[in-house]
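First, one chain by itself in structure tokens, the form predicted alone.
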């Protein structure tokens, strides 16, 4: 490799280390990663980056550093628009900057940037001041929902697969029905919340007025059909049955476990089961059935 090309490669690596350092460009210059390229300190910066008429060398680097983090905040706002709305733009930017201090971007794709954001909000939440769900819980759950939407959209889907139909279930012999195992779709996500955060997120995405809802237990099924992320609120009992099936339980065990853990009125229960399984097959929650 000739020297000019080698020097350019070193300069690019050095500059990336400096402007992306979570503690700022001065700390970036002093970092071990940057010193592997150019072993200089802040006082020697002009040997690598010259000053301009208006800005000194450090100020010029700050321009690039600020633009880099502004772009990351913009990407996070695109992935968590409802969370940004709930917090406000300035506060959201502050939370994102705090998050990037502990979880800097390390992936080749910005699609992974927000993967730990809900965890960061949970770990940095203020002490609880009231009994029951509070504002911090709402924000954490809202971010969790929006991350799930992104992961389902970007993850594996069933667009090219033959999905299980209601007729396929009806064709199972009654004596084998109870031991059958339904394989759920790879895109299916089941989430429990203390707030109906999907209503707030939907209002933001539709451009409507978003009002923070009162807390009440919410059970959601999220999946992707025809490249569109869809979500469906479920009754708790239906959620538990579906959760058991997703974990690999046979049909009888899934239903009996759910019924045993809840005070179920058996009147019309069989009709409810038929309705649930009918909607789940229409929504594409199952891809196959295994009969033991």
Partner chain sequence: MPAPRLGHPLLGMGVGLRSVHYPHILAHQPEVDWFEIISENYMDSRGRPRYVLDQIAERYPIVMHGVSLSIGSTDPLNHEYLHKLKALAGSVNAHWVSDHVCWTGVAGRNTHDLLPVPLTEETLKHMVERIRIVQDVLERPFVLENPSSYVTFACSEMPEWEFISRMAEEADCGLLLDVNNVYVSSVNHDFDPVEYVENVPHERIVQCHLAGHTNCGTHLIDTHDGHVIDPVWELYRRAHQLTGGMSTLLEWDARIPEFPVVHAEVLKAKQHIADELERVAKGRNSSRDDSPITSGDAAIVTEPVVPHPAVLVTAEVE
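Just so it is clear, the model here is predicted, and its values are computed rather than measured. Here, rigid core means the biggest group of C-alpha atoms that superpose within 1.5 Å across both forms. Positions refer to the first chain, counted from 1.
Not pictured, yet referred to below: the form predicted in complex with the partner chain.
Practice task
Classify residue 230 as contacting or not contacting the partner chain in the predicted complex by the rule of any non-hydrogen atom within 4.5 angstroms, answering yes or no.
Solution key: Yes - in the predicted complex, heavy atoms of residue 230 and the partner chain come within 4.5 Å of each other.
Handout entry: Partner proximity in the predicted complex: residue 272 to the partner chain, non-hydrogen atom cutoff 4.5 Å
Key = Outside the cut-off, so no.
Practice task
Decide whether residue 74 counts as a contact residue for the partner chain in the predicted complex under a heavy atom distance cut-off of 4.5 Å.
Solution key: Yes.
Problem - Touches the partner chain in the predicted complex: residue 193 (any heavy atom, 4.5 Å) - result: Residue 193: no, not in contact with the partner chain in the predicted complex.
Handout entry: Position in contact with the partner chain when the complex is considered in the predicted complex, options 63, 42, 259, 249, heavy atoms within 4.5 Å
Key = Going through each option in turn, the one that passes is 63.
Exercise for the section: Assess the spot marked by 68, 149 and 156: is the partner chain within 4.5 Å of a heavy atom from every one of these residues in the predicted complex? Expected result: Checked in the predicted complex: all three residues contact the partner chain.
Practice task
Counting only non-hydrogen atoms, choose the one of 106-114, 90-98, 168-176, 213-221 that falls within 4.5 Å of the partner chain in the predicted complex.
Solution key: Every other range fails; the passing one is 106-114.
Exercise for the section: Sequence order please: the residues of 7-40 with a heavy atom within 4.5 Å of the partner chain in the predicted complex. Expected result: If the 4.5 Å heavy-atom criterion is applied to the partner chain in the predicted complex, 7-40 yields 7, 8, 9, 11, 12, 13, 15, 16, 19, 20.
Problem - Rigid core superposed: residue 261 CA moves 2 Å or more between the shown form and the other one - result: No; residue 261 is a residue whose C-alpha shifts by less than 2 Å between the shown form and the other one when the cores are overlaid.
Problem - Residue shift check between the shown form and the other one, rigid core fit, residue 226 Cα at least 2 Å - result: Moves: no, less than 2 Å.
Handout entry: Change in CA distance between residue 109 and residue 17 in the predicted complex, which is 3 Å or more, as closer or farther
Key = They are farther apart; the C-alpha distance rises by 3 Å or more in the predicted complex.
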